[in-house]
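In the structure tokens that follow, the same protein chain appears in two forms, which are kept apart as structure 1 and structure 2.
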Structure 1
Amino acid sequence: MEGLVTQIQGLSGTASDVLSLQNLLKQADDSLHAESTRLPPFLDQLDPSKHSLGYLYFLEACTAGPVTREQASSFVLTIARFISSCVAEQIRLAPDKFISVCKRFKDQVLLLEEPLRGVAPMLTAIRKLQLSSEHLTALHPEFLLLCLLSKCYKTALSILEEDIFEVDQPRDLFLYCYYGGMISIGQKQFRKALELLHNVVTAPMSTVNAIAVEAFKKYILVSLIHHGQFPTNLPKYASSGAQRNLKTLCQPYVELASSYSNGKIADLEMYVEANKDKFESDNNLGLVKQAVSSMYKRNIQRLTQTYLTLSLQDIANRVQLNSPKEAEMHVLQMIKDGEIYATINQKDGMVRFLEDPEQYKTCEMIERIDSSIQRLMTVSKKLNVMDELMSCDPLYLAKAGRERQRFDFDDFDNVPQRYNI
């Protein structure tokens, strides 16, 4: 081991030396794991900011076995320091080992019941492992899970706002979108949550997985909260397995959406109470209650399409609220959130519904529209490049060739020809 440490110290200077070192470390990997209990003292002889690759191999071997709570406290500090100071170019030569170390780091902070300690180091690890911000790594789901457990939602938003075009493993995408959807729900960003959960339930899958089932349950509830309705069918581009099985596996939630669509709050509350244990066991009861509460808003919004003015008492009666005061609180909150445009006359308790005051001609609005157009153009160009790459991919062409019908009738003339017999 002493000799290997010496080689690490001598071959960490230039890029060519590091490549030579990589070959030596690969050959010594089995020996490192066999001597894992003897390795911690050697870490003190290496500088993670200079000998990142060698340090990574030693650290990965050290943490490969079972770790006690006492050991976890020490390893968390060691790994956090390594992540902070390591050289990105060196650790990218052994990405699987870096990912393993970071995942063990996550397990150890959870063992210590201190998920917040892992948030900043895991974000740093993602940035060092990524080749670009469009790359979804295996560490993205681990980072989002730590943010979720520590309720550190705002930190996660910087990652969730990035457009992803490269994915290493399908499971990483499923977990990334699922955890991201839950974080967006925690931030009341239901539109973003709906987008992420939609990606889970419509992603290609040969068989329905547990992540997709749990995402579909939340997808139904968030659809009710944000749109006031749930589409009866998944899009055509969803996998056949998802279209066949998800509704069956989430029947209580589908029935909840059906009851919601009737617009009768009493029936909806009765159904929720009857299935309370099921929703609670799924950890979705809080979201279900938000869906029930959103029905009041939907019913108030329907009134704006019919009436120009209405008393608070009439609103309370029609929406099935307990009092005019409760109706006033709902209307005020909806005005604040920009969900309706209205004024309340405090003297006579009358509510006057207004048209959207936005004229879409201010400088700020024009800048927002232009920014959206520019982003769409960028995404469109990216999709065209990806489409061209896929159309030339040998694996795709082979699969498309196998599934192609024996006769392609598009190759034939559509105009029928007459033959005289």
Structure 2
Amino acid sequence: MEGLVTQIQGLSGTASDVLSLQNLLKQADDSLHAESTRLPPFLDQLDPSKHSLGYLYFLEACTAGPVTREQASSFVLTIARFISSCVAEQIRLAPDKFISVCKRFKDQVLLLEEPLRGVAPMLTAIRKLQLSSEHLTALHPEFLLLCLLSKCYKTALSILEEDIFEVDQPRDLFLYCYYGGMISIGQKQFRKALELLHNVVTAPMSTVNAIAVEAFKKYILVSLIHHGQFPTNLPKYASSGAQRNLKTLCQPYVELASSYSNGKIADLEMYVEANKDKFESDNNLGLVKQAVSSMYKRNIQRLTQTYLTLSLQDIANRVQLNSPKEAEMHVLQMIKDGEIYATINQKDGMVRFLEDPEQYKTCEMIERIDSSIQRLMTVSKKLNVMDELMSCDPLYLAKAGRERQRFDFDDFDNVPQRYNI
């Protein structure tokens, strides 16, 4: 053990040294695991900021076995300190070990029932492990889970803002999008939630998995809240398994959506009451209630298209509310949330609907349009690059070559698989 420690201290200088160190460590891994109980004192001899790789191997072996509560609190401190001070290049040489260390960190933090302690370190860990900001690591869903449990939504939003293109494991993506959807719902950013949940539901999957089913249920509800409607068919690019099975697995929600589209609030509320248990067992009852109240909003919004002024009594009648007072409350809330533009005249009991005051003439609007254009150009370029890469891919060429039209003698030759020069 001591010899190993000295080697670590010695070989953590240059990059080539670190590579040879890595080979040594790999060979010594089993012996480390065998002596896991004796390792903690050695950790003090190593400096996480200089000897990150070695420290990592030791740490991983230490935490491999089951951990008690007392050990957990000390480990939590150690790991947190390690994460904040380790060197990114060194730990990227052994990503699996790093990931498993962090996952155990998360478990211990949950064991101690203090998820908040894990949020910041996990964020740092992600930043160090990521190859680029478009890379989704296995730590992303763990981080989001901690944020959810500690109700620390704002920090999560900063991660969610980044676009993801590279994915290691599809399961990570599903969990990430599902948790991300839940966080966005919590922050009432329904558009983002819809986007994330849509990604889960339409992702390529050979068989339908439980995450997709739960995501689909939330997807239906958020779609009703945000758009006021739910498209009955998944888009064509969703996997065939999803298209066939998701609807049957989420039957109560699909029926809720069709009841919503009929426009009768009384029927909708009856349906919700009847199926309350099912919604509650899925932890979706709050969302369902939001969907029901969104129906009132949508009806009031439709009135703004037809009327310039309308009495509160009339609004209450048309939207099937119980009294003008309730109508006033609803309209007031909608004005505050910026969902309609109106003024309430309490003396006459009249509401006057106004036009959207946005004139699209301000500097901010021009900046917004400009940045939108820039963003779209970048995304388009990315799409072109990917298209070009794909057209050079040998697998694609072989398949396209087999199925192409034959108009000429040369077309009957095979597509060259590789060039032997």
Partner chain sequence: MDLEDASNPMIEANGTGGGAVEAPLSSTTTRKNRPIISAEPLDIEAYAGLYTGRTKINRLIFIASHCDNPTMQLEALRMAYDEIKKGENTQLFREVVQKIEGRLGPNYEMDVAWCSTIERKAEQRKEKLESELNSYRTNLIKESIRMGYNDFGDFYYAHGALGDSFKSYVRTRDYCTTSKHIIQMCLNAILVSIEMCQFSNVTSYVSKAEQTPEALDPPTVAKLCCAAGLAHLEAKKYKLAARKFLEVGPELGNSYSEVIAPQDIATYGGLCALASFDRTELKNKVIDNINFRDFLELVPEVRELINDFYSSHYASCLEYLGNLKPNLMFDIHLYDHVETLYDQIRNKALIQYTLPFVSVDMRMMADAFKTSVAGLEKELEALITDNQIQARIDSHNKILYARHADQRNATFQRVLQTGNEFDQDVRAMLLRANLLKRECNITASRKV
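What you are looking at is a predicted structure, and each value in this text was computed from that prediction instead of being measured. Please note that residue numbering is based on structure 1, beginning with 1 at the start of its sequence. Between two forms, the rigid core is defined as the largest C-alpha subset superposing within 1.5 Å.
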| item | value |
| --- | --- |
| Number assigned to the form predicted on its own in this pair | 1 |
| Threshold 2 Å Cα movement between structure 1 and structure 2 for Lys336, core superposed | yes |
